[in-house]
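Have a look below at one chain only, the form predicted on its own, in structure tokens format.
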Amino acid sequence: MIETKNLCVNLGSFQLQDINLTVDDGEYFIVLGPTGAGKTVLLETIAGLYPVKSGEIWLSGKEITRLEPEKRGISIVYQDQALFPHLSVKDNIVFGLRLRKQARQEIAASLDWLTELLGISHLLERKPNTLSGGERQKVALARALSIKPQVLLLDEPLSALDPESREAMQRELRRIHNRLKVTTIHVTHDFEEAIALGDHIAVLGEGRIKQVGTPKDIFNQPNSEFVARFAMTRNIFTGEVIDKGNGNTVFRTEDAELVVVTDLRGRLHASVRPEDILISPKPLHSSARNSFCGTITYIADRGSTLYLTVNLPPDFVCLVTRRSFEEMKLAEGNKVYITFKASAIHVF
């Protein structure tokens, strides 16, 4: 287990403030946040590369806040891989083992095991500049794993890859983690990547932890407008929750009343995910208690899916598949009906 307790780091123009995280043994933990949130600073502080202003870092029951980086048993893989360009793949992988003066037989055994695990045995004599992005990332991962770290830190390891390589590397990271169970902290700005890989997610913004939870928690129950926007909820409204007196509780905005299910009252936010909204040319016969007529004002084509902005007012963004879009002959200017359940609205 690795823990940070009230961790504060002061870098002058930027600060990490009161970072409290607990990552269990064998967990794949994601730190998610926008550029400039402090994700890399947090990783490098855990690795021992930045001094701590206040707070503590604990690893397996031992405080390591001021322990030298090389004594922490932590490996880090950077976005740009940071491979030695003048060394072969083989020499890059075993660099750390040679630095630790391991026996030649042990180094050979580790090399065989790692290259088999990552499927890169055929690359051993090549130089990094002859490899694809995905291959370089595997070499960097092999080098990090060679010392058998207690914790593996991954700094946006997929962001420099093309979409196909990124998806393949996601599967590879999940497969390796399932096999080795190395405690892993992976930072990213990509919400879909976080959902695909994380056992738990911490959302970081402006040097502070905004929310920690399972992917499902972050996806469906954001605790703030910041998290909701970063989780691509898209439909976020400010208003007031009131009792209607007919057994219904509604969230009232300037332009609409939405039936909701919540115990909260007063001035609040409400969000509805685009995929939870049904869109149709005619009214739907449904048990859903929110149904409105509006006009399609904008269509964002994403290939297999499309995001449609429907103005009631207010504006709602809805997600449809290309097949549904074409079958319904939807277009900007069309009158349509949107329908969603009261339970699909998250009030916070």
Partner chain sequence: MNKKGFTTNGMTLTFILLGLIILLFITVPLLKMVVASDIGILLDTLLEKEVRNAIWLSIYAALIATVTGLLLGVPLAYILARSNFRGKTFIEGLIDVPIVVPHSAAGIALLFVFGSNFLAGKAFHLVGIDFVYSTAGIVIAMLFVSIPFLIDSAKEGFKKVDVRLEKVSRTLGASPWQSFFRVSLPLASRSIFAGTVMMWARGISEFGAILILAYHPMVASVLVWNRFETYGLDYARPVAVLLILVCLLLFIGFRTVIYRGEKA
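Positions refer to the first chain, counted from 1. Everything numeric in this text was worked out from a predicted model, so none of it was measured.
Keep in mind the form predicted together with its partner chain is missing from the figure; the text below concerns it.
- For the candidate set Arg104, Lys216, His86, Arg267, a heavy atom within 4.5 Å of its partner chain in the predicted bound form is found for exactly one residue, namely His86.
- This chain is drawn without its partner chain; in the predicted bound form, the residue among Ser110, Gln170, Ser75, Thr183 with a heavy atom within 4.5 Å of it is Ser75.
- Its partner chain in the predicted bound form is not approached by Ile296, whose heavy atoms all lie more than 4.5 angstroms from it.
- By the criterion of a heavy atom within 4.5 Å, Leu306 is excluded from the residues contacting its partner chain in the predicted bound form.
- For Ala47, a non-hydrogen atom is located within 4.5 Å of its partner chain in the predicted bound form, even though that partner is not displayed.
- Although the partner is absent here, Glu70 is a contact residue: one of its heavy atoms lies within 4.5 angstroms of its partner chain in the predicted bound form.
- The putative spot formed by Asp80, Gly96 and Ile147 is fully lined by its partner chain in the predicted bound form; each residue has a non-hydrogen atom within 4.5 angstroms of it.
- Contact with its partner chain, judged by heavy atoms within 4.5 Å in the predicted bound form, is confined among 115-123, 173-181, 246-254, 96-104 to 96-104.
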